[in-house]
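Below, in C-alpha cells: the form predicted on its own, a single chain.
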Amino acid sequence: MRKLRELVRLYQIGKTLFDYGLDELIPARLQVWPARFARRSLFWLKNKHPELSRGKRIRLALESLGPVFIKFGQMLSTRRDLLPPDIAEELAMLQDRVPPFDGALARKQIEASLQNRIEVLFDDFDEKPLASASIAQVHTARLKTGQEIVIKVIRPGIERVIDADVSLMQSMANLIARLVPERSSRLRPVEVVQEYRKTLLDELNLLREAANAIQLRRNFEGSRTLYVPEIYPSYCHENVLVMERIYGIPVSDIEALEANGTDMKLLAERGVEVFFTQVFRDSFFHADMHPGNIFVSYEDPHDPQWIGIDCGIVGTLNRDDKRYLAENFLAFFNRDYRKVAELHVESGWVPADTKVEEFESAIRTVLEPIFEKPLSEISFGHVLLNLFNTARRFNMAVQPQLVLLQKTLLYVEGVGRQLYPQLDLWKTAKPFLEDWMQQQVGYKAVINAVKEKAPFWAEKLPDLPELVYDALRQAKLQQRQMQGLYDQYSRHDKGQGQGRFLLAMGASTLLASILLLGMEKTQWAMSGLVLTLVVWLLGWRLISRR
C-alpha cells in the first residue's frame, strides 16, 4: 500500500511539472533520448499555462507540490548569482508569500491547542495572516498585558504531505543505494535523506522552535549584530508559537534599506560575522536564513542590526568538525592546498589510502585560476561546489552533518551579495577564523582551559590531602596484592619446571627399561618400569598442583 501511494505521488509530481511546462525549460543538449522518449509517451500531459512567464510557472509548480519543494525554491531564490533575474524574483515570493489557509481555521487550531477561546487569551487577534510560508502562517494579536505579538500556526494536515514526499525520497535513496552501491557509499543518499527528514519533522514541532529561539536569543543577548524576538513559552504548543512582534525592513527590500540610510557594506559583513559566530563560537546556528526569515532594524541605520526569526531549523557541529572546518577555511584563504588535502584525509572525508599529492594537485587546478581574480569577484558558493566536485573524484563521502552548514553558507553569501555586490566573504571571514583558531591552540587555549576548570579545581582542593592519602594507601595495598600474586606464580612456575623435569626423566627411564628388556635382563627392566611409574606420578602431581 505504501509503495502504491509513493507511485501515485511520483505521478502527481511529474504531472504538476508537465502541467506548468517545466520540461520545456530544459536545454535541448541535456535532453537525452530516454528522457525524450519518456516525455512523448506521456502525451496527455501538456503545458496548461503557456501564457505565464517561466519564473511564474516554476514558482506556481513548487507551490503546488508542497513544503519540500517550496523550501528548495527558497534556497534557490537566494542565489541570484546562479539564476536569471526573472526566475530569482519569482522564487523570492516563496519566502513569505505562499497562499495562506483560512484564518478561521487558524483560530480554531489555536483555541484547540491552548484550550481556551482567543478572546480570553489575546486582544486584537487578526484573522487575516500577516505572512504565510510553506509550513505555517502568522497572525497578529496582543497579550492581555499589552505586548504586541505574532502567533505562528502550523498548516493543518501538512504532516501527511511532508511524510509522503520524504517517504518517496527515502525509497529513491534506497533504490540508488542498491543499484549503485559503490557511489552510494560515497554519496550516502540514505543518510542524507534521513537527516533531511529529521530536520523537517523538527520544524513541525513549534515547541522545539521555541527552545531554539530562546537558546539563540541567549547566545546573542546584548549583541549589536543580531536580535532574536522574545518567546512566550506559556502560550506555546506543538503547533502554536507566540513571540514578540518585531518591526524591521525585510532584508530583500533593498530600496527600503537604502531609503533608510542603511550602511549596506557593514550590514553584509555583519551577516557573515553572525554566521561564523554561531558556527564556531556557539556550535549552534540558524540553518534557514533565507530572506523571508531575516529583517533589519529601523533603528540606527549606520550601525545596522539583523533580526532573525523562524528558528525551526538549527544546526550543530561537534568539536572535531569545527576544528577541521576552520583549518580548511584558513588553508583556502592562504592557498595552502597541501593542507587542504591532508585535512580531508585526516578527517576521514576521503579514504585513508588517497594519494595526498594527487589530491593536492587536483585542488590546485580548481582553485588557483579563481584566486587570480579580485577577491570581490569570487563566489564562495562556486568555490565550494567546485571543490566538492573535485573531491568526488577521490571518493569523498558526503557528510550529512555538514549538509545544513553548506546550505546555510550559500544562503549567507547569496543574501550578502544582494545587499552589497562587492561583498568579500573571504576577507570578512578570515580574521574571525584566525582569532578563533588562536583561542583553540596556543597560550590562549591553555588560559581558557584553566579558567574553565578553575571552579572545579577550587571545589576539590579541600579534599586533596585526603584524596592523596587514599591514593597512596590504595597503591600500597595493590603493591602487596601484586607481590603475593607474584610469589604464588613463582612457586607455581617452579613446581611446573620440576614436574616437567621428572616427566622427562621418566621417559628416559622407560626407554632404558625397554632396552634392558630386549637384552633379556628382565629383573633390571622391571625395576626400571617401576621407577618410571613413580617418577611420572611425582611429576604429574607437581604439574597439576595449583
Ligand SMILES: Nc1ncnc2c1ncn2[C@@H]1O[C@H](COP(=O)(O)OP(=O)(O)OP(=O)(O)O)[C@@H](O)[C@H]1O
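Since the structure is predicted, the reported quantities are computational estimates derived from the model, not experimental observations. Numbering starts at 1 and follows the sequence shown.
Not on display, but discussed next: the form predicted in complex with this ligand.
Q: Only one of Pro301, Gly315, Pro100, Pro229 gets a heavy atom within 4.5 Å of this ligand in the predicted complex. Which one?
A: Residue within 4.5 Å of the partner: Pro229.
Q: Can you pick the one in Gln278, Asn293, Thr262, Thr408 that has a heavy atom within 4.5 Å of this ligand in the predicted complex?
A: Looking at the other structure, the residue within range turns out to be Asn293.
Q: Please tell me whether any heavy atom belonging to Ala136 falls inside 4.5 Å of a heavy atom of this ligand, as the geometry stands in the predicted complex.
A: Result yes; Ala136 sits at the interface with this ligand in the predicted complex.
Q: May I ask you to check whether Leu130 falls inside a 4.5 Å heavy atom distance of this ligand in the predicted complex?
A: Judged by the heavy-atom cut-off of 4.5 Å, Leu130 is in contact with this ligand in the predicted complex.
Q: Taking this ligand as it sits in the predicted complex, is Arg270 near enough to touch it, meaning that at least one heavy atom pair lies within 4.5 angstroms?
A: No, Arg270 is distant from the partner.
Q: Answer with yes or no whether Lys71 is in contact with this ligand in the predicted complex, where contact means some heavy atom within 4.5 Å.
A: Result yes; Lys71 sits at the interface with this ligand in the predicted complex.
Q: Heavy atoms within 4.5 Å of this ligand in the predicted complex: which stretch among 322-330, 144-152, 431-439, 338-346?
A: Careful reading of the contacts points to 144-152.
Q: Within 4.5 Å of this ligand in the predicted complex, which residues of 241-255 have a heavy atom? Give them in sequence order, or say none.
A: The stretch 241-255, when checked against this ligand in the predicted complex, contributes Met243, Glu244, Arg245, Ile246 at the 4.5 Å heavy-atom cut-off.
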